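There is one chain below, alone, in structure tokens, taken in the form predicted on its own.
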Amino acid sequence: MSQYYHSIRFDETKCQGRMRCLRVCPTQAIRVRHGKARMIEERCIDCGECITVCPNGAIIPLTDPFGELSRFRYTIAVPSPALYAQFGREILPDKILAGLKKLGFDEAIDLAYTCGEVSFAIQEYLRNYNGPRPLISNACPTIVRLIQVKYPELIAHIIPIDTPREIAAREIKKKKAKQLEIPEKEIGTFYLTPCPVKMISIKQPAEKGRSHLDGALSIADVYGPLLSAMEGLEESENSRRGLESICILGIGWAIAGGMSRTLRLRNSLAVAGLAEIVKVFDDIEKGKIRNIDFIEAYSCPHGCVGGSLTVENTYSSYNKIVKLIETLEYEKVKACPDIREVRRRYDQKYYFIEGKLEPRPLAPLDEDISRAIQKKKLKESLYEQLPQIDCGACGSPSCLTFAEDVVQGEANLNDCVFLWPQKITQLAQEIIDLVEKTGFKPKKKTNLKEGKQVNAFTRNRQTS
């Protein structure tokens, strides 16, 4: 089995085994054994659902500390457009970018502009594409990993255009290395992320050897210092000028449906939240969704603004982005890339991912095929004995996974509480059969005080 990097860790000292994480995991990657939750690494897609439901804070997201910036001679902030939704409506992206420079970065780039470029590239790809539909966006690493693990036959549906954060980091490094006459390795690019899964796409990209980003900082960690840094900054000369710097195509990437709305894609679908995404992907597998060209899929509610590492209320953040898009549409602001230049670069494969996505299959029941077949039959037999109500009390997410865990030696059949009465009845019958077989007759004693015959055998069993 391959070794996988993960953006979360379990703190056993805080875990009380309440099983909420087990129930929300979309790939059944969590087990609770001996009162503590643990992860099955090959199954985990780092969606962060477990983080949001854990009542004890026992599941910790892993991002880089701010001190990582000191490793580089020149540092560049690459903020997710979701960062723009964390502040009041009067605080526009140009002020936020200025605040990041005051915070300690040598430069802060507006990722929304690159998002606009990639939007045009996706539009161009859709226009020329003749393969199986619908195509699925790859902006959310959780969605990519969900498909690799649970829906490998849908890999061909993932759009092969690279993500804006990777393209922006790649190009800014080349540009600054030339300008400053220093090696690219001395330039650090840091993504300001709304969720921990972006850390995975940096530390262990799904489709290539290495990322062009050097780390990820949590928006929640940056928020307080950034807010303080912006207090001393002057406002933009006027609101119109501040608006003119915003790419409407890019700002929509912060919310589910924003990309399709700003591109005016008529035959697209926006889905947010893993429970809904699983339903849609199940329907695609069954051939029920064939008339849709493009699906925007985000694991977080309402898109990136709903990430677990954001600060502002999800609904408020979503509303700010919607209102900003409406204002840009009303003002007819178009601070976006030249589509002719995008098409030229598109023809040169500038926007395409560098590698190829592969399935991430789960390990078989056994490496030996004959033993694997035997284990499969035993698993099916055990499953038939179980109540099949998927209560999770055994520490496995479903009766089927529990049967597999038993076969693999990761659980004991007695862990199922619904089998206890059956086991007790079976044990009692075995005792009766043993008594009858041996002809054993317990002695009787007279309890003089009570004046009753007492079965010594029964009395001893009760007090033992």
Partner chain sequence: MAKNRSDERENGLIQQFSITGGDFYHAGHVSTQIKEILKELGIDPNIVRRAAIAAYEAEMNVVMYAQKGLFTLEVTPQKIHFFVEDEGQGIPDIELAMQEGYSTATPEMREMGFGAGMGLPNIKKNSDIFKITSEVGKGTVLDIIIFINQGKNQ
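Everything quoted here is computed from the prediction, not taken from an experiment. Positions refer to the first chain, counted from 1. We call the rigid core the largest set of C-alpha positions that still match within 1.5 Å between the two forms.
Omitted here: the form predicted in complex with the partner chain. The next part is about that form.
- Of the stretches 100 to 108, 170 to 178, 146 to 154, 212 to 220, only 146 to 154 has residues with a heavy atom within 4.5 Å of the partner chain in the model of the complex.
- Taking non-hydrogen atoms only, K379 approaches the partner chain to within 4.5 angstroms in the model of the complex.
- Interface membership of D282, defined by any non-hydrogen atom within 4.5 Å of the partner chain in the model of the complex, is confirmed.
- Using a 4.5 angstroms threshold between heavy atoms, G287 counts as touching the partner chain in the model of the complex.
- None of the heavy atoms of N313 is located within 4.5 Å of the partner chain in the model of the complex.
- This chain is drawn without the partner chain; in the model of the complex, the residue among P225, P364, P160, P301 with a heavy atom within 4.5 Å of it is P364.
- Note on the partner interface in the model of the complex: the residue among A372, C391, M230, I182 having a heavy atom within 4.5 angstroms of the partner chain is A372.
- In a rigid-core overlay of the protein, A363 has its C-alpha displaced by at least 2 Å between this form and the one not shown.
- Core-superposed comparison between this form and the one not shown: the CA of Y383 exceeds or equals a 2 Å shift.
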